[in-house]
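Let's start with one chain on its own, the form predicted on its own, as structure tokens.
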């Protein structure tokens, strides 16, 4: 099994390279000349896109092929008071450069709209805001000319006192989205409300690929081990909405999220790095029957956590472990070793 590691948005290794610089509405409103204020927003966004390119070059040099872009590339892009502004038209060349680099270097790119984007909501104004945000994320991917393999990963959202009704609202609201928005959505289990079993059911109903967050699953489950759900989760990546990898014409590898608890007293928060033990326990269990998986690291140290994890994995590699480091951000796990081990121990 080939395992590729990626990280989220920011680098703790490359200095002065934030792709998320912003401007508050209060600061925007203080500028007397509205056109000049909009040009200022565009200038900030252009700098964010430039820094995104810098990070992508850093990723290429480090063999990192999985990367989540920040949702904050364009400040105030979806604010109701700026609906007359079309930032993507003004930034078309900058978005195109980012997209071209992603495609030329075979990088799997994605977004993760924030927790205010909830399709399970019963409130029309929140739904409208959520759809507007999903539209913006989809339009950014289209501005980069990225195929539908570039996804927007979201959660189901709140339960609002009735989880089954909330799930049904999500399904109804999802079906009302434009097709190009539906094509780019993946769904992730969360750490408090919709667990992996419940999220999987919604994914199966809608034909959506599911991103398994194994940290969330550890703190919010129904007693199942994460690898027990894996056969059904991996099948969600074989549906039409999962699409194919444009570079290989193979099915897009399933994606998981990984992080480690900050402390025993704060198990839901993310630590700076990733403990390799629990992650490897999961990967070894799913290796038989899984050709490839992409792992998004959601640690506070970002790419620094990825590099530290790769150092730890390099120290574990060998024929007995079945782990081989392939490059700066990927490993292989010998599925035959773990399949045989499971048979011998009676766990398979």
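Positions refer to the first chain, counted from 1. Being a predicted model, the structure only gives us computed values, none of them experimental.
A second form of this protein, the form predicted in complex with the DNA, is not displayed here; the remarks below concern that form.
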- Answer option from 96, 142, 90, 159, heavy atom within 4.5 Å of the DNA in the predicted bound form: 159
- Query: Of the residues 34, 300, 57, 50, which one places a heavy atom within 4.5 Å of the DNA in the predicted bound form?
  - Reply: 300
- Query: Does residue 112 make contact with the DNA in the predicted bound form, using a 4.5 Å heavy atom cut-off?
  - Reply: no
- Message: Under a 4.5 Å heavy atom criterion, is residue 30 part of the interface with the DNA in the predicted bound form?
- Response: yes
- Task: Classify residue 126 as contacting or not contacting the DNA in the predicted bound form by the rule of any non-hydrogen atom within 4.5 angstroms, answering yes or no.
- Result: yes
- Task: State yes or no: in the predicted bound form, is some non-hydrogen atom of residue 136 no more than 4.5 angstroms from a non-hydrogen atom of the DNA?
- Result: no
- Query: With the partner removed from view, which of 196-204, 253-261, 144-152, 79-87 is the stretch that lies within 4.5 Å of the DNA in the predicted bound form, judged by heavy atom distances?
  - Reply: 79-87
- Query: Going by heavy atoms, what in 24-40 lies within 4.5 angstroms of the DNA in the predicted bound form?
  - Reply: 24, 25, 26, 27, 30
